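Here we start with a single chain on its own, the form predicted alone, put down as C-alpha cells.
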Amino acid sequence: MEPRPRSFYVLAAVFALFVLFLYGPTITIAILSFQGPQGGLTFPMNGVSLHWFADLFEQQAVGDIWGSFGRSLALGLMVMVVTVVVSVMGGLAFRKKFRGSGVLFLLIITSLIIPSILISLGVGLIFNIAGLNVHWSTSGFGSQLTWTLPFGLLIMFAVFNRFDASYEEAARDQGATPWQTIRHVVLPIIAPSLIGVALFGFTLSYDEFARTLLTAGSYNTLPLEIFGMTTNVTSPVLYALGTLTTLFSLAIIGVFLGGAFIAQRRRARRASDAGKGLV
C-alpha cells in the first residue's frame, strides 16, 4: 500500500478545521446545556444534570416558548405545502418557452438577493397601508414565501430540465389524460425531488428570522422568541432550548431523507416490475 502524499493530510486537516468551525458553536451550546442547577452560561461547567431541560417544561417567567414553537411548526407546514405545489406548477409551466418567461424568471430569483430585512419591512408596510392585520399567518406567511419559493422553483427547473419526456408520451399513447399522466407518471418519478423541496420549504421557514421580524405581529415565532430571550434570560435554559430545537431539526431532516429513500426504492421496484413484465 503506497503512503499517502503530504497534501492529503494537509487537506484533511483543513477539512477537520472547517467542520469544527461549522459545528463547534452548536456542540458548545449542547455541552453547556447540561450544566448543573447552579451552572452559568460559560465554562467551566458547574456539575452535570438535565435540570435545564426539565426547566423548559415548567412555567417560564418570561417568554412563550411552546406557543412560539407551535406557531413556527404551523407556519413551516403552511409554507412547505404552498412551496411544493407552486414549485411543481412553475416547473411544469417553464418546460416550454412563453412570452415573458425570462423576465418572470428574473423576478422570481430577485427576492433572493434583496436583503431579507427589506422584504420584511416592505411586506409589513404594505399590510399597514392596506389596513390589514400584520400577523404571522398572513404577512409572515407571505414574507417567508418570498424566500422559499425561489429555492423550490430552482430545484424544479433543474429536475424538469433533465426529465425524460418519453415517459409522458408513452402514457398518452396508452390513452392517459394530462391529469392522469401527471398523477401516475410525472409525480411518482419526481417524488424524491418533491421531498427535497418540502424539506427546503419547512426548514427555511422554521429557522427564518429576518423576514419574520417585522411581519409576525404580536405573536413571535420560535426564532424571534429565542432572540428575545437572549436579552433577559441569563441561565442555561436558553442552551437547553437551542439543543432541543437542533435535535428537532435533525429529526425533521431524518424523516424527509427517509421519505426520499422510500420513494426511491418504490420507484426502482416499479421500474424492475415493469422490466419483468416486458420480458
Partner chain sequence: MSELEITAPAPGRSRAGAVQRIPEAVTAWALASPLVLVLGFFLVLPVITIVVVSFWGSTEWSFYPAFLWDNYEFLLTSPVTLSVYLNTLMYTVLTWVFTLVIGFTVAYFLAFHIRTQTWQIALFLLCTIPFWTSNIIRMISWIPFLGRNGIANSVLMDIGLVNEPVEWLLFSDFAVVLAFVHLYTLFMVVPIFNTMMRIDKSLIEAARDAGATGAQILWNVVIPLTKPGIMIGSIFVVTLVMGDFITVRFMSGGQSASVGRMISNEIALLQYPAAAADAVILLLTVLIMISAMLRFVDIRKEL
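Predicted model only: the values in this text are computed from it and were never measured. Positions refer to the first chain, counted from 1.
Although not depicted, the form predicted in complex with the partner chain is the subject of the following passage.
Which of L22, I262, A268, V255 has a heavy atom within 4.5 Å of the partner chain in the model of the complex?
-> Filtering the options by heavy-atom distance leaves L22.
Answer option from I117, L187, V81, A74, heavy atom within 4.5 Å of the partner chain in the model of the complex | Flagged contact: I117.
Going by a heavy atom distance of 4.5 Å, is N161 a contact of the partner chain in the model of the complex?
-> Close contact exists here: in the model of the complex, N161 approaches the partner chain to within 4.5 Å, heavy atoms only.
Any chance V48 has a heavy atom within 4.5 Å of the partner chain in the model of the complex?
-> No, V48 stays farther than 4.5 Å from the partner chain in the model of the complex.
Is R95 close enough to touch the partner chain in the model of the complex, meaning at least one heavy atom pair within 4.5 Å?
-> Because a heavy atom of R95 falls inside 4.5 Å of the partner chain in the model of the complex, the answer is yes.
Is there a heavy atom of W52 lying 4.5 Å or less from a heavy atom of the partner chain in the model of the complex?
-> It does not: once the partner chain is placed as it appears in the model of the complex, W52 has no heavy atom within 4.5 Å of it.
So which bits of 240-262 sit within 4.5 Å of the partner chain in the model of the complex, heavy atoms only?
-> Residues within 4.5 Å: G242, T245, T246, S249, L250, I253, L257.
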